[in-house]
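Only one chain is included here, represented as structure tokens and corresponding to the form predicted alone.
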Amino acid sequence: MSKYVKIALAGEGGQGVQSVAAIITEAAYDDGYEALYIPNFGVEQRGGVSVAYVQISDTAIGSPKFKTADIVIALSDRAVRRTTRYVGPQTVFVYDDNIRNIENDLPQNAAKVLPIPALKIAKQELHPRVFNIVIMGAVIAATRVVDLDKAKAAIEKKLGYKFEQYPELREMNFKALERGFELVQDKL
């Protein structure tokens, strides 16, 4: 059976959306998959919605664009509104349950709409700076594009220089990845 996963990740600048997309893409590529990542930034110079489009497949990827994602992750109210266009009847739509006043903006046509407490977990159990890694764990659980060990290796590859200086960050990032994975693994 072939594997082909289309992911749209969106959030405000500084939430780490692009970093997560790059790490997932690299983990999949290192695992032998075709992997494509395209960043997209709003027209604003600062403070705009940042969207990352990721495609991972075990065959050649035919186009850099897609209309409907298998999973959409939205990390802000504006990201929710901006990404609903990528939702179809097979799409899993994940958003942080800390986002307020979006009830009328959530997609009605998704296979599943899943709120997760990623920001709360990052703040209360770990550190707000690993919020994006919690999200990364959720993406991996929802898509199974790579296993957790491959994801950890990709994180190590990307952030290893920081881990050498602050070894405690390695454990925190790996814990964030696992917590994000746990948030979604039994909900699909």
Partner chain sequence: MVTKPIEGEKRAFMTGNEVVAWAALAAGADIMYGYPITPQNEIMHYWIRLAPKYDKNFLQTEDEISAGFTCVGGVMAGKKAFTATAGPGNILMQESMTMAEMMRIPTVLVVCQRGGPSTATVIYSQQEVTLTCFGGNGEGFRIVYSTSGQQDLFDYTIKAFNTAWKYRFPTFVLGDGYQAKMRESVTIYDPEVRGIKMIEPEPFVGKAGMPALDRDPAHYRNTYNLEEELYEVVTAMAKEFEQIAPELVEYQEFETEDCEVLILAHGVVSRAVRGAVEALRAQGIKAGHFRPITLRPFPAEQLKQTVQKAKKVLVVESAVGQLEKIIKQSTYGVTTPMTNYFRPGEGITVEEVVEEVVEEVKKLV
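Numbering follows the first chain given and starts at 1. Just so we're clear, the structure is a prediction, and the values are computed from it rather than from any experiment.
We do not show the form predicted together with the partner chain, though everything after this point is about it.
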task: Evaluate Y29 for contact with the partner chain in the model of the complex, applying a 4.5 angstroms cut-off between non-hydrogen atoms, and reply yes or no.
output: yes
message: With a cut-off of 4.5 Å between heavy atoms, is G48 one of the residues that contacts the partner chain in the model of the complex?
response: no
query: Does at least one non-hydrogen atom of F131 fall within 4.5 angstroms of the partner chain in the model of the complex?
result: no
message: I'd like to check something about T25: if you look in the model of the complex, is any of its heavy atoms closer than or equal to 4.5 Å to a heavy atom of the partner chain?
response: yes
- line: Exactly one of L126, L36, L148, L119 comes within 4.5 Å of the partner chain in the model of the complex through a heavy atom, and that residue is L36
task: Select from 59-79 the residues with a non-hydrogen atom within 4.5 Å of the partner chain in the model of the complex and write them out in sequence order.
output: I61, G62, S63, P64, K65, F66, K67, T68
